[in-house]
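Okay, so here's just one chain, in structure tokens, the form predicted on its own.
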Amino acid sequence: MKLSFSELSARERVAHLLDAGTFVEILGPAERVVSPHLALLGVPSAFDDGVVIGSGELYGRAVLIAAQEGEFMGGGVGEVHGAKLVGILRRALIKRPAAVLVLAESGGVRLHEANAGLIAVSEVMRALLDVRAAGIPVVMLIGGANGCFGGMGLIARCADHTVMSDAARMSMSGPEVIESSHGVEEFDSRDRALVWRTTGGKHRFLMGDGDRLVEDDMEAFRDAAAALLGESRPLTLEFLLAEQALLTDRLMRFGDCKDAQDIWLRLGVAHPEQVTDMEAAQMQALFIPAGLVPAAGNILARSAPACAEGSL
């Protein structure tokens, strides 16, 4: 029986992702390390500040893990929350696990701690890149109801690999932020179909922002994470230049598109209107890998020849 990733709490996800009985939590609720800011604003705190960190094993291999709790302030990053993420990443430089797994579910920086949260995000990014530079892969697993937005969206794209489900969403700015800044004519945040086809896992997979697309199933996430253990990507100048070239190509190819379906058609998906109803396995079959290149997992760079229009 499938166990939904999106319906579980952060602790439940950790328990089902790792080998049974191997998880050892660091700074758990008993330590009562809480935000120093929320009480001043009359806002309830959580004893783990909305993120679970620790060590464990995945199919017998040592990993470090962090899981954000979307039910506490939308998984927002504050000072303590961010410090715990930084700490687990720095621990990786000492312990050298097979990977650092981050189960991301966050709306971004916690507005109650705006400056502290912004600083925390920058510190997490620096720590993550240090871990990557040491050859230790960082794998983002995204499938929660709150998605992965704002600063966490930036952090996710700094990782070696990103695994998403169809239920997942990832972007820099959330739908409500775009609408409030540019109006409902620009983006209607109440249009769920529009939101999911613009920020959802399927679109991110087709664009190359998500390396693996899986069903909303814990076992599928577990297997995808296990397959990426020890699989670091080079963090070099050549790598960054290749990524920049891909982003430039993306803008040139799709800059005039008005909707995700326009992009899918231009990618070569013969029936883009059918994408929203496809299973993960069907999505995987749309593209046939033709050798990896140093491009942060961008599928446009590893797909069948140039994904010409009408070729799929």
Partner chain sequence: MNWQTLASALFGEAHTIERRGDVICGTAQLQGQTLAVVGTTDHAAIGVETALAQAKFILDTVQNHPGRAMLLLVDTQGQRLRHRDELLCINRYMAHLGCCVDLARRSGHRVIGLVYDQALSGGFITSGLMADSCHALPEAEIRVMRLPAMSRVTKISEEVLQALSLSNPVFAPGVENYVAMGGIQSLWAGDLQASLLAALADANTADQRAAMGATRGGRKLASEVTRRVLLA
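Positions refer to the first chain, counted from 1. None of the values given here were measured: they were computed from a predicted structure.
In what follows, reference is made to the form predicted in complex with the partner chain, a form of this protein that is not presented.
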query: Every residue of 29, 66 and 145 near the partner chain in the predicted complex, heavy atom within 4.5 Å; finding: no
query: Contact of residue 57 with the partner chain in the predicted complex (heavy atom, 4.5 Å); finding: no
query: Any non-hydrogen atom of residue 254 within 4.5 angstroms of the partner chain in the predicted complex; finding: yes
query: Touches the partner chain in the predicted complex: residue 126 (any heavy atom, 4.5 Å); finding: yes
query: Distance check, residue 33 to the partner chain in the predicted complex, heavy atom within 4.5 Å; finding: yes
query: One residue of 223, 217, 71, 130 in contact with the partner chain, assessed in the predicted complex (non-hydrogen atom, 4.5 angstroms); finding: 130
query: Neighbours of the partner chain in the predicted complex among 232-265 [non-hydrogen atom within 4.5 angstroms]; finding: 235, 236, 237, 240, 241, 243, 244, 246, 247, 248, 250, 251, 254, 255, 257, 258, 259, 260, 263
